[in-house]
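Given as structure tokens, the chain that follows is alone and in the form predicted alone.
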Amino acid sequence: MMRTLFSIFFCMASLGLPKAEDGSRLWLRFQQQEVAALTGFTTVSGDKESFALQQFQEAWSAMAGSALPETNRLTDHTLLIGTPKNREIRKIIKAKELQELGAEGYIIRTVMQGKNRITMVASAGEGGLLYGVYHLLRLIQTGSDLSTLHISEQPSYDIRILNHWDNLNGTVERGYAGRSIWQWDQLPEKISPRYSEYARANASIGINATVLNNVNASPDILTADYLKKVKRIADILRPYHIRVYLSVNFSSPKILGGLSDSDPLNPHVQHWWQEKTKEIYQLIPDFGGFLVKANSEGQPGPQDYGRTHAEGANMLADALRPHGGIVMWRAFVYNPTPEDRAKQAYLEFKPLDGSFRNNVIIQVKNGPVDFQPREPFSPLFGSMQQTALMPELQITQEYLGFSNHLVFLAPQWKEFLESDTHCKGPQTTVAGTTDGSVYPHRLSAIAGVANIGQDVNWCGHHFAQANWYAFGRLAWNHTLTAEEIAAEWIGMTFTGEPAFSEPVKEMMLRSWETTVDYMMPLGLHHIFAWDHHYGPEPWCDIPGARADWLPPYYHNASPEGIGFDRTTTGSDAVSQYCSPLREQFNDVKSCPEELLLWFHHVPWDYPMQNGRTLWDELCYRYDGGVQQVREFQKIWDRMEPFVDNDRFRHVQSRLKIQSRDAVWWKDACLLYFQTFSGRPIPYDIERPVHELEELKQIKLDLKHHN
């Protein structure tokens, strides 16, 4: 028996089967066998106190088995890490060249000095040096050619921030990876090792800021006890050049300070915020500022006192200004109104353009409704030219299958960022209007709603890690392609072996469109089940509920057709876009088919560009999504030899769930919409396997509510 077990072990070892992994190291695995040849570095030089050098040495030790020898003189291949304070750096590169890239920019360059080869990572600031070191480590991890490096980078956005929708009781709103990583009940005395691991992961992809708590904020975060806890987190994140921000409740002066109201024009309210801000900065000198959700979904705000969003934001901005802090004021306003929900943010904020202080930035969700699988970009982008705007993207998959579905979001975000607003002529992209290149505001920023929790693999699904990674990379450089980002992540998280990386990359790149197809193709949106936003419920009708909480408000299915009429003869949402987009969206013939039912109520027999009727095309899209997920299952099953068993089985299991869910979505939507269309489901696609009435009885008890 022992001989048999030994033989099995020997065979497994000789085959080089991947060792078990739990995903906790994310893309920072620094595998020793992956860099057997490494880079030819023989020594490293730099300030021994440099945090960036320390980070490099830790990673190098993991890859090479020992630290790279440090030296004060150049050898045959020296890695030189430093700022212009370093004499050797000044010999190679002019300080002005680094200063032009800013404190976060960096240069990675290979030069020859006589017979000595020098690979240099240099920056004007310690933050840029850290980002440059992680860029070099990424090149090493992915097996890139380092012989003739000539890289110069600076970030697309000044502030690259994660929004944690984490509550003080440890729950996470729209969180699908366990409880909050911030263990408030144990702080400040007990510190989780995950805090520094979190910081390192963010620094490796250029994220430089974090909002610790939910936008539906508890006033308690501003109490003295909680601010001491926040200070402890800020101290841990600081070496990684990550600044801490807090979401604040607009009624805090009344609730915490005992004031009669929280009116932003009340001098006592203004004084309360000024004193509270001083208190914060005495504890955390590099505190970033406040994120505010006001007058939306029942949250308090300046409109409670007849004041505008600008008056509320400016009051906070004035309190923060002496300390260098900023206000990120969310434009997600969602209140009962007879107006089309998609128009609300524009109607409230566009008239205020130019009314905000220059340390206020308006945080706008990518689409005009709410993180739907596909939306047109919010019309605020481009149209608000006198006010700094920052995109808000959702990394956590609230409307995309939670942590059960494999959905790589870089293609969605690229479509959004590269959308042309036409508000200052052609090629006025969303990215250009928010990164400072079109409208040169004092601030530029981009936010991502985090998908991080206490699960061992951080994100619930191993492939959901790719969305955290992709957000950071696009926030740093929005010109990167989804293909480049996917390839980097695969190479660092799994393996760069082409037999694995190429099919898996294609699976990732197709996953978003696939999910749109089996959920809500052709511009359908918000037909999710009541409250939890997981499965389909296009028939949902809750007595007494607001109309814009319910799917029929959005799909408007009838015997005549389907879709939301947002044309000039409907809600006129098209007129919020700049020409020629408003005319393009307004005409059913020129409207992009991917957004057709977003802007138009279309007859079931409307002829599509491929010659099919709208009904048939809808059926083929739903079925195509189902079939594609099954292809993903086949692709992943073929990858078993390249992946450790634990991660392979985890992803395989989640793909089974996704495949079943895709059929659920397809059958529920087609069988329900068929009651209006009265047309047969085309006979050459897979038949429904459920009964409509059976599907209507499904009620999920998911613990992910607001």
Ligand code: GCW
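The structure presented is a predicted model; accordingly, all values stated were derived computationally and were not measured. Residues carry their position along the shown sequence, with the first being 1.
The discussion below concerns the form predicted together with the named molecule, not included here.
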{"property": "Any non-hydrogen atom of Val215 within 4.5 angstroms of the named molecule in the model of the complex", "result": "yes"}
{"property": "4.5 angstroms heavy atom contact with the named molecule in the model of the complex for Phe287", "result": "no"}
{"property": "In the model of the complex, His241 touching the named molecule (heavy atom, 4.5 Å)", "result": "no"}
{"property": "4.5 angstroms heavy atom contact with the named molecule in the model of the complex for Tyr399", "result": "yes"}
{"property": "Option touching the named molecule, based on a heavy atom within 4.5 Å in the model of the complex, out of Tyr157, Phe381, Tyr134, Trp165", "result": "Trp165"}
{"property": "Position in contact with the named molecule when the complex is considered in the model of the complex, options His555, Arg330, His461, His600, heavy atoms within 4.5 Å", "result": "Arg330"}
{"property": "Options 190-198, 293-301, 627-635, 124-132; stretch whose heavy atom lies within 4.5 Å of the named molecule in the model of the complex", "result": "293-301"}
{"property": "Any residue of 525-559 that, in the model of the complex, places a heavy atom within 4.5 Å of the named molecule", "result": "His533"}
